[in-house]
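A lone chain, given as structure tokens: the form predicted on its own.
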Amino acid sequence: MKYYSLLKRGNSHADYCEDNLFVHSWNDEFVLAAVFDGCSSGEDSYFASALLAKITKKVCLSYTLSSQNIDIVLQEILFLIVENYHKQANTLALSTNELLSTILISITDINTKQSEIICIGDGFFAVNGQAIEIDQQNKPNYLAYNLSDIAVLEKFNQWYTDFPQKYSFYNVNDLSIATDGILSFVIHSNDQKLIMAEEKNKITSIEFLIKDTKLNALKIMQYRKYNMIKRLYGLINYDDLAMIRIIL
């Protein structure tokens, strides 16, 4: 199993990248990948996504696998993230507007090649090169909106059971998860020798990031691919982009 990450500030954000990410593996048995997209209209939204990434790290480092059922593992880990996020919000006196970040988490069983994914808000993922976009029309149902209610285990379990954006996949060999910045590539160069049809190049760029394996011996594969997209196609991401790709 190999994983590759990519985190790039979008061209529309002058100061901060408001996205973040985290990856963790338990003894090469299960691997968790998570990306977070801070809301640009929120307050210090780069902080919300960074805080969620740090909390996810803390939870994963202290979590002992209690089941071989990865849906149970995902449910337990997500509750611990919610519980800790709620505690930090209270400790730091954070308002809802300071907690707005989307969450997309996958857990993959490396041996059985099964993946469970939950997307709280907008997001993008691809399984074996087949892309799926979760678009909530720029009105994501942020975790922060329900945080106080679902920080209680019983209420969280009901919320998790009813939550619509959960997905199960089998025979997974190549998994990518990303914030919706992956869909925001736009022309940034005036060199017409490099630029053909923008939409064609945009699609090609996404496929290059989620399908192509030519540079998979390099840990920085996705960064190299990103630089090639910029140089060869004259494209750059308009929105912040956080991406993790796992090849089993």
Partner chain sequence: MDNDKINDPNFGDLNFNLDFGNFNPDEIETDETINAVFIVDTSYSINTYVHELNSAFNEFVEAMQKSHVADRLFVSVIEFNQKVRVNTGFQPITSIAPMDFSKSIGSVTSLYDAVKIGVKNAIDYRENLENSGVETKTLIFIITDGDDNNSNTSARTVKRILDGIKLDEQNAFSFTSILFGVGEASNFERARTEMGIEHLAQVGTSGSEIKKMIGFISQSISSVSNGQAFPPNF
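Not measured: the values here are computed from a predicted model. Numbering follows the first chain given and starts at 1.
Unshown form predicted in complex with the partner chain; subsequent notes refer to it.
By the criterion of a heavy atom within 4.5 Å, L218 is counted among the residues contacting the partner chain in the predicted bound form. In the predicted bound form, the partner chain lies within 4.5 Å of some heavy atom of K214.
Not displayed here, the partner chain is approached by R224 to within 4.5 Å at the level of heavy atoms in the predicted bound form. Of the heavy atoms in R9, none are within 4.5 Å of the partner chain in the predicted bound form.
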